[in-house]
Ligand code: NVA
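First, one chain by itself in structure tokens, the form predicted on its own.
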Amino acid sequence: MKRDFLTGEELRAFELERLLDRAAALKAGRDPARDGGRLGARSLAGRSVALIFEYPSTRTRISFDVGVDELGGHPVVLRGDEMQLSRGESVSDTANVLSRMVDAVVIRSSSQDRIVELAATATVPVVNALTPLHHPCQAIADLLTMKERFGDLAGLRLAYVGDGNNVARSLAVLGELAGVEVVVAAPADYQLEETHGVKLTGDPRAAADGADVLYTDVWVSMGDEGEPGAAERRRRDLAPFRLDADLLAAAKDTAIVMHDLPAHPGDEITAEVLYGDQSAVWDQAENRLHAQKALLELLLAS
């Protein structure tokens, strides 16, 4: 039976552990200087993967495009305005067509319902590359980064500060599977719902106390930019939750700083922290490639 990856809840704990181990192996065996010398380079040989992006993307698009190619597959990159979906073709009709031509669909969409509908009709795996509700591909890359830095994930404390958004939700879902304690500090109007054992607080310092990881995300997302006054209101409301040196000092001395990017220094994080010695954000960005390669293998090559 085909498998989808829409929220991260599709995985079991042992599968997540196996996926992260495979991602680490793919990273260790990657040698761009030698053609065919990459570990697992042919695991998607003869396969095509549709990569659909309804709106702009940097890390997600590049990591999936390069990842499919490095596994020996063919990435078919499509913008939303290049598909008949933008002219009224139904999601189910699109799913039926894609299922007859490609082996998997990766989609970055403005609607969780759209990818759920796509997955319900498609006979090939569908991967959520980001929606307003979930960002599970980011979360597996984050867990890979944490595993690289700390070894064992079980028992780590991750404090997420700022807007309780899709990234926070996916960290809660997959963090629970990995045995990570996830604490979300946000203002009441921006707080995540109680889900997957996440701890909620309105006090960023309480969340950061004893944390192994301090995590934040942009305050003004693409969906917020067009609403009059929304950007300034969000910056004002979220200002007490800025990730700065004082907040980092409340965490463990060995703590790392994470951000899924793009970052806006001076808003959700200071430049001092973003570019400081405890920052792991560039490892996170790179690990999107390795984690997603392991995910595609799990869904297509197993």
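All residue numbers refer to positions in the sequence shown, first residue = 1. Small disclaimer: the values here were computed from a predicted structure and weren't measured.
What comes next is about the form predicted together with ligand NVA, which does not appear here.
Taking non-hydrogen atoms only, D260 approaches ligand NVA to within 4.5 angstroms in the predicted bound form. Among heavy atoms of N165, some come within 4.5 Å of ligand NVA in the predicted bound form. Residue contact check for H135: one or more of its heavy atoms lie within 4.5 Å of ligand NVA in the predicted bound form. Interface residue remark: A119 is not counted as part of the site for ligand NVA in the predicted bound form, having no heavy atom within 4.5 Å. Screening V218, A186, A104, L174 for any heavy atom within 4.5 Å of ligand NVA in the predicted bound form leaves a single hit, V218. Residue L130 is the only one of A208, V180, L144, L130 with a heavy atom lying within 4.5 Å of ligand NVA in the predicted bound form. None of 65 to 73, 42 to 50, 239 to 247, 260 to 268 except one has non-hydrogen atoms within 4.5 angstroms of ligand NVA in the predicted bound form; the exception is 260 to 268.
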